[in-house]
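Okay, here we've got a single chain as structure tokens, the form predicted alone, with questions on binding and movement later.
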Amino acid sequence: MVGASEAAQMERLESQVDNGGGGAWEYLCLVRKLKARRSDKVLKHGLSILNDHRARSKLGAEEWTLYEQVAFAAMDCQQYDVANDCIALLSKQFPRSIRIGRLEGMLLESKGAWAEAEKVYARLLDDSPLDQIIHKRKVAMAKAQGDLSAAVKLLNKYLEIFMADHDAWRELAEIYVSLQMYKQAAFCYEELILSQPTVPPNHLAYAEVLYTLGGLENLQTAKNYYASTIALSGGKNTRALYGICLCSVAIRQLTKGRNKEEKEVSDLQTLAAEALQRDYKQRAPNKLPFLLSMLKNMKLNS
């Protein structure tokens, strides 16, 4: 995640370079370091260096890093001729490179030549079957073509090999949610919580899936994970506070007459409602009446 100071530094450098103040290489290095998406700027300023023999010669071995960076930017800007020229030079300099092969496949992807890109990736996987990036490119291609079932199969196959890839578990969970396969999504979030127990978004996403599934047991578990989200985020997760309120209402409807369970739900929902009111008073006082009205309708506020 890009910090505020780094973002400000990038904005300053970008303004400086755009106004002819120099520092194009420093700007491009910072964009690459921060993994920022500034494709139009990278293409413009990267080409200004590559087309200047003196400026290019000063880069040394970093010249090839810049060719790769400009190739990515050109693909993003649909400047396929530029991307092709950069990849051709890289391929000549580094023949039979897996990394350059991935670039060739991505160029075909960006043109929508899915079958050809698939052939390139298949050939690369024959040489390097454990290349994570190529496996992920195949998932990205399936998603780009709208074939979510294929994306699910590819991700499951990938996770059989790379079980510790948190991003892959998260992406698989999100696809399952989009397909309304909530039990499968819940399993993915359970894996994430086991491997990253202190990451609040994992607890929150799991709680929301359980709330969607419904049923008393799922709602009670969802309420607990909403509570853990609040604890892990220092009590400042508004979405989780709302989640506790919604779970409390649903559980109350399902447990009428069970005094012990009703009391436990009542205590937690009261705390959540009070925390929401404090939060709105501090950050959005003009919207507090709407919150109070909603809580009253949910019988969470007198």
Partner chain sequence: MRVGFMVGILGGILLAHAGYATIQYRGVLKIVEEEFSRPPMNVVVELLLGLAFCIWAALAAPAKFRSIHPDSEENRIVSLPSNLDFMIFNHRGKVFPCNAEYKLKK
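Only a predicted model underlies this, so the values are computations on that prediction, with no experimental measurement involved. Positions refer to the first chain, counted from 1.
Here the subject shifts to the form predicted together with the partner chain, a form of this protein not shown in this document.
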If you check in the predicted bound form, is Y176 within 4.5 Å of the partner chain, heavy atoms only?
no
May I ask you to state whether E160 is within 4.5 Å of the partner chain in the predicted bound form, using heavy atom distances?
no
Is there a heavy atom of L210 no more than 4.5 Å from a heavy atom of the partner chain in the predicted bound form?
no
Does any part of Q180 reach within 4.5 Å of the partner chain in the predicted bound form? Heavy atoms only, please.
no
Determine which one of 22-30, 247-255, 273-281, 233-241 lies within 4.5 Å of the partner chain in the predicted bound form, judging by heavy atom distances; exactly one does.
233-241
Contact residue in the predicted bound form, chosen from S110, N218, S91, S195 - any heavy atom within 4.5 Å of the partner chain:
S110
Restricting to 147-177, the residues within 4.5 Å of the partner chain in the predicted bound form through any heavy atom are L155, D167, A168, R170, E171
